[in-house]
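Take a look at this one chain, the form predicted alone, written out in structure tokens.
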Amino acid sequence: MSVAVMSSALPTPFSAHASIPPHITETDHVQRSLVQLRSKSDGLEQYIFLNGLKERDPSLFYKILLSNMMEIIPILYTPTASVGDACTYYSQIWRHPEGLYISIKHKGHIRQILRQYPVGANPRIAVVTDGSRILGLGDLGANGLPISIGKLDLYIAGAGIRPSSVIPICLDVGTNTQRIIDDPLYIGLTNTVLCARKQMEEFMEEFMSAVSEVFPELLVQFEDFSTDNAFKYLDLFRARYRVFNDDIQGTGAVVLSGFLNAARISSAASGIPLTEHKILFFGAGSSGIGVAKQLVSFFTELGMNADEAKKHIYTVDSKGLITADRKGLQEHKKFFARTDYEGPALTNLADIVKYVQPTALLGLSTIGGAFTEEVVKLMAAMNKRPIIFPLSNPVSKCELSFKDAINWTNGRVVFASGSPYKPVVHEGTTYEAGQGNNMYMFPGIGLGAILSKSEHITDAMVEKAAIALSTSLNEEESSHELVYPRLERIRDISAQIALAVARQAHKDGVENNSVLRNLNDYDALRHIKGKMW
């Protein structure tokens, strides 16, 4: 009784705010949070701070993200040490549930698990990983969830998707990384024997069927699956569900966009027709082959058929130039396997460059420093403006640094990387690195699919997204010979891509919302931007 009397003696307003400093509302809490963030010199500590801020005050977190994207994005997503370390050590830094884990042990009960997950009405996008190929760091199993979380933060920041309508998902099917298995704090399945192929396929079939039933408006983005599974599940589900693989299609589209602009710059300097470009891919995993397939459309847009276009693309893996006569060649590598080479296997990259005489060298190998001074100078000797895109992430896995690329080509390189690089000054001229960041692509594709209510994501929709990005540079960006627009304009860029995707969805007959169809481009862009959160 006495407790009740004491509590009722305090006026209600003071009860609610007695613990809050009296002048807190007169200070800038956004700035306070940024000061706290910037005081942490370690990228992992910055990630942990932002993670905690999102849990405590989601509105403040997203306000800071939206107003400081160029500072925050590298911590949350861009493949740098921050998010790489966050995944590597996720079991150690885990503090609270952040997404949905669906384990192979849940097979047969996935629908019930999805129905119980606390998410807003009509969720629109889920980023799904099994953690088996994270950022070139290998199989991290259940530690891969931060990749799904980070990608969804970029959907929110880059395309205005509502935070309440996204679901980060990790499919826990085990891991084959011994140091993770041996970690007593590891939060995932510790079995050392991974799922049998048939069991895994049944699990994925149940998962996709359950997702489409429980969340009928959801777009599923596959992320960082192992190479074979990435291709397999995209092929298996793309005609039945609203599904998209960012490693294959998103990476391919963003590189196609950058290559469109790079090829124009290179051809303008050399006089070589666009139809005579030759592209050498170093790395033939899911991203490498996915990008190569996307770049076939660069040549088919110029009037070639697919077979003619394929002849302009060469692929290299750990065993050297990929040729059709190699024994035991993986299925996904056969598409670009050369049939026109006779001689001993070419295993050295410099020798391969001498043989192919490429105008463009693209790296998706996750082998740091693979583009040596010899290789880069060979490219520069062959081309007035050599195109070199070292696209592997994180920075430690990048095939070539921007500084070396500029120095070894005397500033003539047309460069784009997967990770961010600071500008380089060479002989009094400042050069900016292009970054083939998938953030340019997947938020706009997702937004376009949502607004058009497309049944599927077609190849043509992805291709039109790439073309929309390549034409989104403003005059200032074009004058500096940039191959990508500045990320500061990401929402405008996402709107343009979303419009291109929606227009193509109508042409492909997969659209289920006619609103944008009946608007001219100006009004359609206004409508799209008005839908952004």
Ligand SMILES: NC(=O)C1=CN([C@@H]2O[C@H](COP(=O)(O)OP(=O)(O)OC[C@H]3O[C@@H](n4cnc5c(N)ncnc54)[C@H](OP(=O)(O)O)[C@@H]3O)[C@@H](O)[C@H]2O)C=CC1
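No experiment lies behind these values; they were computed from the predicted model shown. All residue numbers are counted from 1 along the displayed sequence.
Not pictured, yet referred to below: the form predicted in complex with the ligand.
Note on the partner interface in the model of the complex: the residue among L361, L391, L447, V127 having a heavy atom within 4.5 angstroms of the ligand is L391.
Proximity to the ligand in the model of the complex, taken as a non-hydrogen atom within 4.5 angstroms, holds for one residue of T175, S165, N261, S286, which is S286. In the model of the complex, none of the heavy atoms of S209 sits within 4.5 Å of a heavy atom of the ligand. G436 belongs to the set of residues with a heavy atom inside 4.5 Å of the ligand in the model of the complex.
Of the heavy atoms in S91, none are within 4.5 Å of the ligand in the model of the complex. Although the partner is absent here, E463 is not a contact residue: none of its heavy atoms lies within 4.5 angstroms of the ligand in the model of the complex. For a residue to qualify, one of its non-hydrogen atoms must sit within 4.5 Å of the ligand in the model of the complex; none of S266, S297 and Q357 qualifies. Comment: 311 to 319 is the region of 311 to 319, 372 to 380, 270 to 278, 420 to 428 lying near the ligand in the model of the complex, near meaning a non-hydrogen atom within 4.5 Å. Of the residues in 359 to 377, those that come within 4.5 Å of the ligand in the model of the complex through at least one heavy atom are, in sequence order, L364, S365, T366, I367.
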